[in-house]
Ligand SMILES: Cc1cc2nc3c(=O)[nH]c(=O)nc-3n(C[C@H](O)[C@H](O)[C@H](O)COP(=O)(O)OP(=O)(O)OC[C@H]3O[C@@H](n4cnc5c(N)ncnc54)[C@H](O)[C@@H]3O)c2cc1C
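Single chain ahead, written as structure tokens, the form predicted alone.
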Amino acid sequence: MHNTSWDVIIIGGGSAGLSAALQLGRSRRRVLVLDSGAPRNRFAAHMHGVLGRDGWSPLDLLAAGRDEVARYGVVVEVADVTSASFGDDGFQIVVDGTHHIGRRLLVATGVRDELPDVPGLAEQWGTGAAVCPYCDGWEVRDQRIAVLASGEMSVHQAQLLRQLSTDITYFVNGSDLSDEARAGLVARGVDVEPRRVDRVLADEDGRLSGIRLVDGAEVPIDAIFLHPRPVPNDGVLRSLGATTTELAGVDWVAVDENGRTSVAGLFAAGNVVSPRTSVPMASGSGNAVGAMINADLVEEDVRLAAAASGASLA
């Protein structure tokens, strides 16, 4: 088996992972990025709210990012990594017969979205159905917008969307809705639909056309917003023993403000450890954690150099 050594191995080549790789590459670190090639936002044709790249394809952004990090010697390989180990010489990952060893490991594998079990909804994900009013709300302004209650933030989501359209319907669909929340929705002209949803409807071209209720009534709809349950792709972090913390009903691997996990030398950035979902936030997280990993390596380099020369750091 062939062995290769790296300063940093990054698992995940999305916005967070590539931003970290850019920082580390520019610091002349030997960096390997292992990416599954299936980013969370691959279902969306465009991204918004990204300064200088508003309206770009998210896949085009990542392609440009891979080109940028390659200029600094960062190596990007396609690999679906689900576990790692730690030995005397660092973090170890085996990919296609190659044994990769890294002094530090950064996991930036993001989350996957667990959608409500509503027939027809999955087919609209990323086109007719979305999660973020800031990312996708402008494009459906003044249209007929449905909010499918699916989490603690659904009422807030509806109120944000009311800023963009006067035609908002809140589908309770069996969820809890307090009197106060209902009053706030009604006060701003949001329709509250108490009947359960049967399925999401599409026209003959597959475009979203409406929502059918359990009694057979159909509500014409141009866009659906919901809050899917985020499921962190954190198998690698857990396999290495990183501790977790609960937030909004989801167990996230715990990190400090610098992206450090409870395992020495193991870092995480982006959506894999945070419910925040936007591209700029993930990029910012990777940027900061990448710089912190380089600083951490510099501190180790100082200790190693001092030990080799017999100098005392006391």
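Quick caveat: nothing in here was measured; it's all calculated off a predicted structure. We number the residues from 1 along the sequence you see.
Form predicted together with the named molecule: not shown, discussed below.
Think of it this way: in the predicted bound form, the named molecule has a heavy atom of just one of 253, 34, 266, 288 within 4.5 Å, and the residue is 34. The partner is absent here, but in the predicted bound form a heavy atom of 126, alone among 120, 210, 126, 151, sits within 4.5 Å of the named molecule.
Here the marked residues 7, 75 and 239 all miss the named molecule in the predicted bound form; none has a heavy atom within 4.5 angstroms. At the 4.5 Å threshold, heavy atoms of residue 280 reach the named molecule in the predicted bound form. Heavy atoms of residue 276 reach within 4.5 Å of the named molecule in the predicted bound form, making it an interface residue. Proximity of residue 80 to the named molecule in the predicted bound form falls within the 4.5 Å heavy atom cutoff. For residue 159, no non-hydrogen atom is located within 4.5 Å of the named molecule in the predicted bound form, even though that partner is not displayed. Here the chain stands alone, but in the predicted bound form its contact with the named molecule, taken as any heavy atom within 4.5 Å, falls in 45 to 53 among 242 to 250, 45 to 53, 258 to 266, 24 to 32.
In the predicted bound form, just one residue of 229 to 267 lies within 4.5 Å of the named molecule by at least one heavy atom: 233.
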